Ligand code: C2E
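This document starts with one chain, in the form predicted alone, laid out as structure tokens.
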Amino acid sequence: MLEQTGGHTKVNRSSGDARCAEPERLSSLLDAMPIATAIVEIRSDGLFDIAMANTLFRKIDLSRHGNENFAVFTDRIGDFAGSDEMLTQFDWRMGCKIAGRDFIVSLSRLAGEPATMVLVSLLDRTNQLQTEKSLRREMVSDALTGLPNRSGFEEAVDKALSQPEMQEQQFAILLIDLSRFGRVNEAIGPLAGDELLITVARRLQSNLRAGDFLARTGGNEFSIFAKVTSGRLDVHELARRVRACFDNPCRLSELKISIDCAIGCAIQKNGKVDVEDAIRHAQIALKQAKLSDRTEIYEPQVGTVTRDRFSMETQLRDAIERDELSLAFQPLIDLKSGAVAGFEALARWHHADGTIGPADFIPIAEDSGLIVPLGRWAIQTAAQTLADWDARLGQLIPVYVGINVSAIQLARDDVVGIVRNAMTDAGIGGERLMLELTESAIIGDPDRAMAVLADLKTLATRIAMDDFGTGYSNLAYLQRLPIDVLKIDRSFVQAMAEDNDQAAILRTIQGLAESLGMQTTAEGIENKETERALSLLGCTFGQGYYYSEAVDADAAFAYWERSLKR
């Protein structure tokens, strides 16, 4: 019997008084049901009797669950009994949160039977829900570290921000990008790389404050959600704790590997917050952190700059199509004779707001892929300029032109074919072109770089390594590559008079070049004293404002003509 006690109904197994038509037929039907099913009789005094039940129903010991969950079950039966509904369903959890079971409960009237008779069936969906939870957990978790992935992190942040105590709370999103991870992965293999990620995850997890949480949101990127009470001070302290995780090398088998990280952060006050926007702001800061080598915190104006970059990208694309760019030429001087040996070609963008230099738009061109058509245009224009100077002189002008080739263009484009076609169209020899590449263009893919440079040498072009000494110079590659000129970065040249260490570096680079049979070009010469010192040091060429700024093609030709009269 189901008895009402204190407003609830509880099970009493002693009664068998309930009556229904054709009990044997109904009993057979109940036993044939594949789910737990019973017929309940609703009595006039408000008590409920289980008239009959199949074996599956009897195996469910309802009497052991006299708690609030069971009260929900019995109350819903009472509500159905007092309604006009013919059928209803509801979800019900029997028992505690950990060891309980989940059912879909169906209540229905029996056709041809008194209205007091109700058919109750329990469809056990515990395994289904557990499977769904497992699949869901896999979807929002990182299989390697067990941490939330990007989707799981966003959900966790949303859940944290929905708590009442967080409504006026400031919070921060920190993104942590592991430096050198790609090199480590390539050097020791992906399994060791996975072990490194697990080690880093454990260290970061152990340094979190209460209430903060960690996720792995990318291949070598981790994210932290943190409550903030003191704004930037809190963030810098948390960043310090993160960096402390990398103070000691990570031990992988017999190896000890030191790694570092870049940290970008966005601070925001809770309210109408878009979590994706907060993460995007942290990504902007992370990009800045990779360049500055320090913890960066998102500032609203940085987002404005980013939007401006997209606008400038569109304008640059249009400028290339409309031929709104030009080349300016800065002279390269032979330090022994004082003669003009050549010119470096530098792109200029004639924008409506004024002329834009390469330092401002080349990074945008590289990010967007526009560097490829821009590089093609520069090679073709430089070659045609030499042909125009020849025609103007009536003979070959004895100078060469240096053209910068981006690492991206070297990797993506047919540089050899572009140079060959430019030479053919302009009717000039390859010795009159010098292609200038940075160390990153070579180190990024040394095998491809060596193959491309070897093919360029078959065209008789000259090769220069630009900004030498500022990157991670690999002397083994330097010895194997067909490089003609090392360009010494202006930072060394301008500091040599006041810094003995810089002067020592210059002497080392010059000695290295001479031992490898290469010439050198010193950039950033701004006075006679620097020119004299570099000449005594043995540098081959000089370049800088001491001689001339970069000028247009006509002014460059005139500069060369004037140099003949000195």
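Rigid core: the largest C-alpha set superposing within 1.5 Å between the two forms. Note that the coordinates shown come from a computational prediction; the quantities given were computed from them, not determined experimentally. Residue numbers here begin at 1 and follow the sequence given.
One more form of this protein exists, namely the form predicted together with this ligand; it is left out here, but the text below deals with it.
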| query | finding |
| --- | --- |
| Joint contact, A226, A266 and D367 to this ligand in the predicted complex, by non-hydrogen atom at 4.5 Å | no |
| Stretch in contact, per heavy atom within 4.5 angstroms of this ligand in the predicted complex, of 356-364, 209-217, 147-155, 84-92 | 356-364 |
| Contact flag, E523 vs this ligand in the predicted complex, heavy atom cut 4.5 Å | yes |
| Contact test in the predicted complex: L433 vs this ligand, heavy atoms, 4.5 Å | no |
| is_contact(N185, this ligand) in the predicted complex, heavy atom dist at most 4.5 Å | no |
| Exercise: Q494 in contact with this ligand in the predicted complex, heavy atom 4.5 Å | yes |
| Listed residue that, although this ligand is not shown, lies within 4.5 Å of it in the predicted complex (heavy atoms), from E313, D102, E195, D467 | D467 |
| Of Q380, S121, Q283, S406, the one that lies within 4.5 Å of this ligand in the predicted complex (heavy atoms) | S406 |
| Sequence-ordered list of residues in 134-165 near this ligand in the predicted complex, where near means a heavy atom within 4.5 Å | none |
| After fitting the core, R183 CA displacement of 2 Å or more between this form and the one not shown | yes |
